[in-house]
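In structure tokens, the next block holds one chain alone, the form predicted on its own.
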């Protein structure tokens, strides 16, 4: 028996050129790529002209002291550098005080509106998704109708509802409650609750909170909660936005197979356990979408404030979006108005990324890049 040496394994022949590797990886030939760019070129041009270019122009204005006269790109426009941003965060004055007041108001607005509208939308979706419910189309249309109605028209209606002699105070009078003057009451809800239980006195706040400041605003005001006037705007926004998010949850619920519900009930799971262990995990992508859209919308609230309060009373309904408009177009300080807009843009980006980090899938293995970075 003759033993022959084993032939060495053949190495795979590499591609002739990097271009072929890229072409094989993408799966597209050069004419196909050119055709694709031709199809998306109109949209790219429109987004560049009407979105990217105005953003870059506004960014330049935020570093100038342009007063709105002439072009902001002419040679005579004074360049202030980061002075506008310094006035918002570090320089004592009315500009920083108004900006921090708007941040405080909008922060409480976000903390109340986003959870409330998310829970309400999910509850409505679960209600109209019941198989035994009659007149489903009617209830779905009724819940969604406020979302497609003009926000200005609804704001005017709510002005009458929350008036001194309006329907809200009339309903409260039936229960023996003297309703407040909603759009003229700047008191914070947390202050009112603490005052009602006897923990603090609104007219005589603690010196530790009244004398110490954060970014030019006393801690007593930071911890006041949303004002009574802001609560009326919160009710309006929750009522008008829950219908849209209800449809998103409803579409996700209808994609859940019926077999999962039947299997869980056969295994002895209760309705609450089925909702917690099966439905909510499968609604996680939709939940992320709803919360993200809610965060963006609540930080950009403008039209309700413009119609209903214009930041009053005592600037307790002032928001960064409305403050940017008022500073730029009414006070003619376009540089500070643009700076407020970009600070608001940064806040939205940071909160969206934080929310994505919180709702990430913790059971998914870490990426190859992350493992390689840890090993270096």
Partner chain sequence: MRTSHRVMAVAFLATAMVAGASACGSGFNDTPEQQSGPADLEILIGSSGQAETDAVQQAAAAWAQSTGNKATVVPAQDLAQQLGQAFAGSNPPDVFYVDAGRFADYAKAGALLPYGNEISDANDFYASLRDAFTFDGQLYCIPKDFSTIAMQINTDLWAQAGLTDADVPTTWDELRAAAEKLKAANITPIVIGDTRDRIGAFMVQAGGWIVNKDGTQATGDSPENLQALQYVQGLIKDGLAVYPRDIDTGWGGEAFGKQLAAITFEGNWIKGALQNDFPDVKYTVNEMPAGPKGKGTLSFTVCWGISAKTQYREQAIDFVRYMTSAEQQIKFTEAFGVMPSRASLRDEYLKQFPNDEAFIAGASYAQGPVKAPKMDSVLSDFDAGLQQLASTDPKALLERLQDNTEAALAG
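Since this is a predicted model, take the numbers as computed values, not measurements. Residue numbers count along the first chain shown, from 1.
The same protein also exists as the form predicted together with its partner chain; that form is not shown, yet it is the one meant from here on.
Contact annotation: of the candidates 349, 59, 53, 35, the single residue with a non-hydrogen atom within 4.5 angstroms of its partner chain in the predicted bound form is 53. In the predicted bound form, its partner chain lies farther than 4.5 Å from every heavy atom of residue 129. Its partner chain is not shown here, and in the predicted bound form it never comes within 4.5 Å of any heavy atom of residue 85.
Contact annotation for residue 164: at least one heavy atom lies within 4.5 Å of its partner chain in the predicted bound form. Its partner chain in the predicted bound form comes within 4.5 Å of no heavy atom belonging to residue 208. Contact with its partner chain in the predicted bound form, judged as any non-hydrogen atom within 4.5 angstroms, is confined among 193-201, 108-116, 255-263, 91-99 to 91-99. For the three residues 141, 244 and 360, a heavy atom within 4.5 Å of its partner chain turns up in the predicted bound form in no case. Contacts with its partner chain in the predicted bound form, taken as any heavy atom within 4.5 Å, map within 181-206 to 181, 183, 184, 186.
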